[in-house]
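What follows is a single chain, given as structure tokens, in the form predicted alone.
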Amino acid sequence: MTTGTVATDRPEPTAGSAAGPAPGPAGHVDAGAGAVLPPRADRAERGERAQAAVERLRGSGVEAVAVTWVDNAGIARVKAVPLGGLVHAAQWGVGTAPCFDVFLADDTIVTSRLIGGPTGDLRLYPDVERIVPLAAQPGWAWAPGDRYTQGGAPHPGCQRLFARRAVAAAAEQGLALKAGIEIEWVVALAGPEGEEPRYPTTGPAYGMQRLTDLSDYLRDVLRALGEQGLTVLQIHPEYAPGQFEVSVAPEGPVEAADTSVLVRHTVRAVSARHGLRASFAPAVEAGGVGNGGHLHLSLWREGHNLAHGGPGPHGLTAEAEGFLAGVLGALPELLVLGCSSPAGYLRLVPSHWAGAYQCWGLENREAALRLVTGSTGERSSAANAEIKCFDATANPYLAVGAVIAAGLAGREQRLALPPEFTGDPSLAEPGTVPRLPAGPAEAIAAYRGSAVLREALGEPLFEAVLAVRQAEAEQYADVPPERLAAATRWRY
């Protein structure tokens, strides 16, 4: 669980954090001012920033930089450059095709109404302010990337720039956000691709035995994350066999999305060094408890947490209540972005703490929207909301950006939350609590009809997401749960 306002201890500040806008390199959307600075605006400045990064990285033994973006299927894709090529990449970008926006998780390529096909090229620009040496991959560093056209305009399908636009829209209303994404994974012994998972520990759920069995591995995970400047709040065994969770300190929404990508890369690399393999898939085994990617979010104005000190339920201000009501009402369509794979619906079932019902409640782990106030004495800093129905198949930039868009719409409309639900909604009178979509088709229909998401994403990105979701829904429509879990187990 990610709560509170614990400050990160990262050696290099990131641009546009919730604590206030910081100077960003040309080529970024400034999260505070909302201005787009195309890469061509100041190539010399970008080169200077990159050269400073090169000197710092060379001293850390780095020889190459992996620049990643996340596609609409939730898969992190990469282009890497040798350290000596970083300055040129920062000034001119690295070539990457727009067809990646319509890749499926199994690398099948489809097309959409506005994006797709073999023609065209983009430029991928590393965020030099976020470059970090990878502690579990000696000689390598990582940076998230933003995608622009060859002419220097923001690529309308760039998910990271979309998230920055959403943060900028909030900032224009005087609002800042803090976010964190919980990382759950299952670790198994390395083996052939088609082999059923064999777990390195069989201890009880949440048990100390599991931590003891894998203490060296978990220590190395913590060590690597710390060396990369991340502040870990907690790490612990989870419910399913071989399952663990790590939470890091909250930060700005774009930075939180970056961090979720970095944490997963790190866990995967540490696992490989221990002869293990990690799966972040929502259903590692059909019928079991899956991996979530819960999004925590809090809304702030002038340094005040709007989830505390208000007249609304459990201290919510009117602004925070309207924001959360907008998110809660939009959850069916938000599932297209937060529960991206058909395999996610194997996890999203009642009585599994997955948030399968469209309701909210204080500390209710069965509600899709869980309100977390924190302990008495820290509520002004800790109060936040958790979206439990999301998983790690989500593109994190799409997830945070879309949630912000839905929340801002709810705030503008001054929506109110419905009555709070306590207990397990699956035990309520039938029809009392609406069930979230139980499969992709219903979520896709809700998404298709969402004017808020269509406007926020823009037609090219909206349509590309739709094409990928429809194609994967058709691809796995008649696949039994066991085969669906196996097909996606090692893709995430």
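Residue positions are given as counts along the sequence shown, with the first one as 1. Note that the structure is predicted; figures quoted are calculated from it, not measured.
This protein has a second form, the form predicted together with a small molecule, left out of what is shown; the following refers to that one.
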**Asked** in the model of the complex, which of the stretches 137-145, 353-361, 404-412, 331-339 has residues with heavy atoms within 4.5 Å of the small molecule?
**Response** 353-361
**Request:** Name the single residue among Gln243, Ser260, Thr266, Asn395 that comes within 4.5 Å of the small molecule in the model of the complex, judging by heavy atoms.
**Result:** Gln243
**Complete:** in the model of the complex, the residue from Lys178, Arg347, His155, Arg210 with a non-hydrogen atom within 4.5 Å of the small molecule is Arg347
**Item:** Contact label in the model of the complex: Arg113 to the small molecule, heavy atom within 4.5 Å
**Value:** no
**Request:** Report yes if any heavy atom of Arg164 sits within 4.5 Å of a heavy atom of the small molecule in the model of the complex; otherwise report no.
**Result:** no
**Request:** Check whether Gly290 has any heavy atom within 4.5 Å of a heavy atom of the small molecule in the model of the complex, and answer yes or no.
**Result:** yes
**Request:** Answer yes if any heavy atom of His304 is within 4.5 Å of a heavy atom of the small molecule in the model of the complex; otherwise answer no.
**Result:** no
